[in-house]
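Only one chain comes next, encoded as structure tokens, the form predicted alone.
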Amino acid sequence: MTRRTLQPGIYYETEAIPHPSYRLVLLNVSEGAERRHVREALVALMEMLAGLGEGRLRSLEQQQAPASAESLAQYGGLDALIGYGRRLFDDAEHEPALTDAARPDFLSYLHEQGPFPALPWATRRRDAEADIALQLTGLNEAAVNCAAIEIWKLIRDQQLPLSVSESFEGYGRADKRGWLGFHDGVSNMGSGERLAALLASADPDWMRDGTYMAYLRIVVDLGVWEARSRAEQELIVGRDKLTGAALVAVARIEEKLVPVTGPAPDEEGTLAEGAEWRDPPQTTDVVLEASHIARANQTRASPAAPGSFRIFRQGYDFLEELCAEHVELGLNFVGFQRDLRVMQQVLHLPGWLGDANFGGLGDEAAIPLLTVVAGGFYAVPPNGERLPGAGLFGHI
């Protein structure tokens, strides 16, 4: 490709590392708003966020060095991505209608179908289905949080026909582990395969070379997890907890299941050998087949191949509540794919994750570990000079 068509905030290039701080800001259009006013409001928001990434704040336009350098240090590297949800296309929600553009076939409401067969709603559900999603990623928590407040201030100060409906935060970890204690993202696809998994077709035409975002805020029951032994945890995940190596066998010793890994590649081993060490092997062992990585990585075929069901994901942990009696924590699952059917197939098909909440121990496949507190699907059109997806609201 001669140009980058995907919006900033999707870190797919070779050696690209996702910014460690994350915030999702969801917006709804005000009742009765006209589409041209909505387009102008979104242009103003995206231009303001681009200015923040360059250290320019509306309220500090006259500041000089060294103060301007401090603002750049605060916000430099901020990435803002915009997506459009099913609600934007819903004429029952908007009078007058906001767009005449075709809605992608699988851009659907998650709340109407329920999340997924083995992944239920949490007792306390939050609404992550809005007209517009703004994903903010930055080098520190202050950058994304202050940027979110700048969105709120611009809407208020300029009386834009928008309102913040919900917001979710998250962060990446330098040790590349998640709340379960295991390495996260080990089986994410290599950089050479990512564009094939990401780039949407021209159906509809305004989505050509864009992508789709699936957002799930997943709560982890840490008490259930910590009650398991290390060996049980490794068998459920399908990896060695210390090294991240995929399990290659299960030994049965005195009626106990013992995880077995293969020999690690030596220091001069190739990247391919390292990837093979981390990828789940073909197996007929019912315990390994029930593990999370075996279910989620059943094929290493090209992401463009039919039935490959490959998703490029960027995960951000969160900690929401912590007290003596209760802890609420989990993962913001942010998946990007060329077709939303990929995500839905993975989480509906038996043998994949359609009949297992996370992973199992042989016939114990329904460990109640995960619930969904919020989720939604968004169309993320290709990058535009001022506003990706501007054509949704008519000609500029």
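In case it trips you up, residue 1 is the first one in the sequence shown, and so on. Computed from a predicted structure; not experimentally measured.
One more form of this protein, predicted in complex with a small molecule, exists but is not displayed; see below.
Peer 1: Only one of 23-31, 56-64, 41-49, 330-338 gets a heavy atom within 4.5 Å of the small molecule in the predicted bound form; which is it?
Peer 2: Stretch 330-338 is the one.
Peer 1: So the small molecule isn't shown here. In the predicted bound form, which residue out of I218, A143, A101, I151 has a non-hydrogen atom within 4.5 Å of it?
Peer 2: For this set of options, the contacting one is I218.
Peer 1: Looking at R173, R125, R208, R313, which is the one with a non-hydrogen atom within 4.5 Å of the small molecule in the predicted bound form?
Peer 2: Looking at the other structure, the residue within range turns out to be R313.
Peer 1: Flag this candidate site as yes only if M213, F377 and P388 all have a heavy atom within 4.5 Å of the small molecule in the predicted bound form; otherwise mark no.
Peer 2: No: no residue has a heavy atom within 4.5 Å of the partner.
Peer 1: Heavy atom to heavy atom, is L180 within 4.5 Å of the small molecule in the predicted bound form?
Peer 2: Yes, contact at 4.5 Å.
Peer 1: May I ask you to state whether H94 is within 4.5 Å of the small molecule in the predicted bound form, using heavy atom distances?
Peer 2: It does not: once the small molecule is placed as it appears in the predicted bound form, H94 has no heavy atom within 4.5 Å of it.
Peer 1: Should E129 be classed as touching the small molecule in the predicted bound form when contacts are defined as heavy atoms within 4.5 Å?
Peer 2: No.
Peer 1: Please check if E169 has a heavy atom lying within 4.5 Å of any heavy atom of the small molecule in the predicted bound form.
Peer 2: Taking the distances in the predicted bound form, the answer for E169 is no, it never comes within 4.5 Å of the small molecule.
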